[in-house]
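Taking the form predicted on its own, here's one chain by itself in C-alpha cells.
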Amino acid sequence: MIETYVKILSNTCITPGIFLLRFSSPGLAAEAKPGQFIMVRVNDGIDPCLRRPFSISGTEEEGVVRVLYKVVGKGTEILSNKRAGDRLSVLGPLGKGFDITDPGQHLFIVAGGIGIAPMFFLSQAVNKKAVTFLAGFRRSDEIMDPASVGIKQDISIATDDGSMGYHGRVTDLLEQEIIKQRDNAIAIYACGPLPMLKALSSISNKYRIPCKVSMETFMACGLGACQGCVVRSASALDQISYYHVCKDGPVFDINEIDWDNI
C-alpha cells in the first residue's frame, strides 16, 4: 500500500457523466491487481473530509494508472473539474483482487453500468485467455467505448431499453452465452449493481459455475476500521457474520455473501 501525491496526466469526459482519470504513480501501478481500488482525497481542505473510493481501471507503461468514474455527488463533481498537472493524494492499492491463475477456463467477464470500471483492468490482465466480455447498461448513451480507456476487447452489449445490442438484462444474455460454452470449463467474474450480482448468484448455482464478484459499497476509510462497508456473510464459518468489503474484498466468491439479506 502506498500513500502519495500523484500528478494528473488527463481527466477526460468519455461519455456524459463518465470520466477517465489518468495519473502517474509507478509504485502504485506496479503493485495494482485487477479488482483492487484506491482512496482519493479530492480536495486539500476539509470539504469533503473523507476520501473517495475508486476502482483501478487499468495501468499503462511508465507507471500510469487509469481510473474510470461516474459523477454522482459532490466528491466526484470536484474530481471531474481537476485538470492535467493538478495533484491528488492517493492511498492504495487496497483490497483483495481477482484470482486469475487458472489457465484452462473460459472466462465470462460481466459488468453492469459503472461496474465495468474494474473489469476493464481484468480484461487487460487476461488478454491471452478465452474471454467473453458482457456489459449491461440502461440505454445506449451510457455505453463506454473500450478503446477510449485503452482496452482492445470486443464487448457484447445489453441495454434495458433495447436501444443497442441485446434487449434485456445482461444476466439473461449471460445465460444464453453459457449454453454455447457448456462443453468448456467456465468461470464468471463480475461487478455491477446488487440486483445484477444477486441474479448471478442464482445463475452460478443453477449451472454450477464458479463465480467471483467485486462488491461496490460505501467506504469511508478503505481499511476496515470504520465498519461502513459491511455485508452479511452467507454462513457463520469461522465465526464471521459480516465481511468488510474494503478489507475482506472487494472481490468475493459469490457463495460467501448472504444475498437474501442484501
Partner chain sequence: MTINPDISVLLSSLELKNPVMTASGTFGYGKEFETLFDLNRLGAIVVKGISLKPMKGNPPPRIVETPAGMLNAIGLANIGIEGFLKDKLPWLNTLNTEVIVNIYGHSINEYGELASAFKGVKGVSAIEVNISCPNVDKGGLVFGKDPEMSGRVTETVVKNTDKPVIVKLTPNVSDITQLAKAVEQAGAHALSVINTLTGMAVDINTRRPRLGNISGGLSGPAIKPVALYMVYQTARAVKIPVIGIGGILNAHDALEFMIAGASAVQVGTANFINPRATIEIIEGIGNYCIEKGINKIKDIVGSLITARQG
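Note that the coordinates shown come from a computational prediction; the quantities given were computed from them, not determined experimentally. Positions refer to the first chain, counted from 1.
A second form of this protein, the form predicted in complex with its partner chain, is not displayed here; the remarks below concern that form.
Q: Candidate spot 115, 210 and 212, all three in 4.5 Å heavy atom range of its partner chain in the predicted complex?
A: No.
Q: Note which of 38, 65, 200, 219 lies within 4.5 Å of its partner chain in the predicted complex, where distance is taken over heavy atoms; exactly one does.
A: So the residue touching its partner chain in the predicted complex, by this definition, is 219.
Q: Quick one: is residue 52 in contact with its partner chain in the predicted complex, heavy atoms, 4.5 Å cut-off?
A: Result yes; residue 52 sits at the interface with its partner chain in the predicted complex.
Q: Is there a heavy atom of residue 8 no more than 4.5 Å from a heavy atom of its partner chain in the predicted complex?
A: No, residue 8 is distant from the partner.
Q: Can residue 91 be called a contact residue for its partner chain in the predicted complex at 4.5 Å between heavy atoms?
A: Contact with its partner chain, yes.
Q: Although the partner isn't part of this model, could you tell me whether residue 48 comes within 4.5 Å of its partner chain in the predicted complex, counting any heavy atom of the residue?
A: Yes - in the predicted complex, heavy atoms of residue 48 and its partner chain come within 4.5 Å of each other.
Q: If we take heavy atoms and a 4.5 Å cut-off, which stretch out of 189-197, 202-210, 227-235, 55-63 is in contact with its partner chain in the predicted complex?
A: It is the stretch 227-235.
Q: Which residues from 1-39 come close to its partner chain in the predicted complex, meaning a heavy atom within 4.5 Å?
A: The stretch 1-39, when checked against its partner chain in the predicted complex, contributes 1, 2, 3 at the 4.5 Å heavy-atom cut-off.
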